[in-house]
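Only one chain is included here, represented as structure tokens and corresponding to the form predicted on its own.
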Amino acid sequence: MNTDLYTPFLEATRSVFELMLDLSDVEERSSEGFTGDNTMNISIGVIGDLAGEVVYCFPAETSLNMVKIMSGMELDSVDEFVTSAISEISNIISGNVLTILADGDLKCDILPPVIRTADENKTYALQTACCLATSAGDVCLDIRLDPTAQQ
């Protein structure tokens, strides 16, 4: 089982940001210094050969900038519309990741996005974080999965 989760998430996030938001300036950055203050956390559950969740952490300013790019509307607060749009971006990234993982013979599905932070009391066999910096703002992904299939 290929347990490199960082690369598929990074690749899918870059691809979705470029296609949906025309953001080609996506750079990896350290998660150090990223605070969860004023951040919208979107959790996407994963089931199948891997089980767990991926939490996408979008600072409010990043969320508003991304929605402005997508809709052309300038909003001043994170409301239901912004939450829905950012949840859909997270959902699309996760779906693209599963397509990449399926090429490596991992069969998984995703659950609908929900707003919540990661359960810090739970440990996972495969746990990593990646943060990206873009001209729309920073985004961090907290990837927490366990393999469920027999090897």
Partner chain sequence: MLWKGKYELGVQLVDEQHKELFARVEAFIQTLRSSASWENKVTKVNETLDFMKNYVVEHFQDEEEYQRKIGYPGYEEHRKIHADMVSYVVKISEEYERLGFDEQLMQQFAGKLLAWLINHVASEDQRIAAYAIEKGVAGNEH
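Positions refer to the first chain, counted from 1. Remember, predicted model here, so these are calculated numbers, not experimental data.
Below, we turn to the form predicted in complex with the partner chain, even though it does not appear here.
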**OP:** Quick one: from Ala60, Ala85, Ile47, Leu126, grab the residue that has a heavy atom within 4.5 Å of the partner chain in the predicted bound form.
**Re:** Ala85
Original post:
Which one of Ile100, Met70, Leu111, Ala51 is close to the partner chain in the predicted bound form, taking close to mean a heavy atom within 4.5 Å?
Top reply: Met70
Original post:
Since the chain is shown here on its own, which stretch among 100-108, 87-95, 39-47, 114-122 would lie within 4.5 Å of the partner chain in the predicted bound form, judged by heavy atoms?
Top reply: 87-95
Original post:
For Ala133, is any heavy atom within 4.5 Å of the partner chain in the predicted bound form, or not?
Top reply: no
Original post:
Applying a 4.5 Å heavy atom distance criterion, does Asp22 contact the partner chain in the predicted bound form?
Top reply: yes
**OP:** Would you check, heavy atoms only and a 4.5 Å threshold, whether Glu11 touches the partner chain in the predicted bound form?
**Re:** no
